[in-house]
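What follows is one chain in structure tokens, specifically the form predicted on its own.
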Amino acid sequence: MLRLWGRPSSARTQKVLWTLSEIGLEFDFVLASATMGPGGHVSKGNHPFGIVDSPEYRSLNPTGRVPTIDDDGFVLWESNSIVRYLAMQHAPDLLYGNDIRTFASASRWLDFENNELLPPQHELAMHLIRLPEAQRDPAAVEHARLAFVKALAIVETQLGRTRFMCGERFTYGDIGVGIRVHRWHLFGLDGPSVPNVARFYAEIQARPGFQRWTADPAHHLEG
């Protein structure tokens, strides 16, 4: 059985969890983190889940981060690589239509999420939720909000052309963007009207993988 190390409140881990759910692949989920634990973020004095600093884990993933998978002896880390691997290994028809151009397009949007949507949203999470109130910076929040809005406009334009990020069918390229759109919605910050994103968001909310691993606000607002 595939084993996954990670935590439910990690968007990077959520990408893998949602992908596994879309495929219907059984797995063993091991809670692991240097920054989060049952009580929340370590910046507030909480104890982390741990494991990631152990020699055993570092032999699997030298970065000491999550997620990591072990699929029948094949160990892989870095969330986007894991999602691509799972799609290719277990569900090429389901997650990209077994088409190399669709695969490349989905890969692009997965990287866009990681490079353009994740950094400002991480800053928002830190300064809105995770840091002690005395360490939160309103200027950092505004800077991150504007950066996210700028990137979200690119998603809005794409979704004005296609039903999903890569065309008329759901692919693994929708997973990362879907998580970021959901987290943005939960933060409740001011932003421009994005009707195409709203339509996309309403559609992905119905997917069982989203409902199981992404929908719960506690997975995004945990501090």
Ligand SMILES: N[C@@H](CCC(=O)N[C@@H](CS)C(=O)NCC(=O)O)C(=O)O
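A residue's number is simply how far along the shown sequence it sits, counting from 1. Quick caveat, the model's predicted, so the values are computed rather than measured.
Heads up, the form predicted together with the ligand isn't pictured, but that's what we're talking about next.
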{"query": "Contact segment among 146-154, 131-139, 102-110, 78-86, judged by heavy atoms lying within 4.5 Å of the ligand in the model of the complex", "finding": "78-86"}
{"query": "Close approach of residue 66 to the ligand in the model of the complex, 4.5 Å, heavy atom", "finding": "yes"}
{"query": "Partner contact for residue 10 in the model of the complex: the ligand, 4.5 angstroms, heavy atom", "finding": "yes"}
{"query": "Partner contact for residue 35 in the model of the complex: the ligand, 4.5 angstroms, heavy atom", "finding": "yes"}
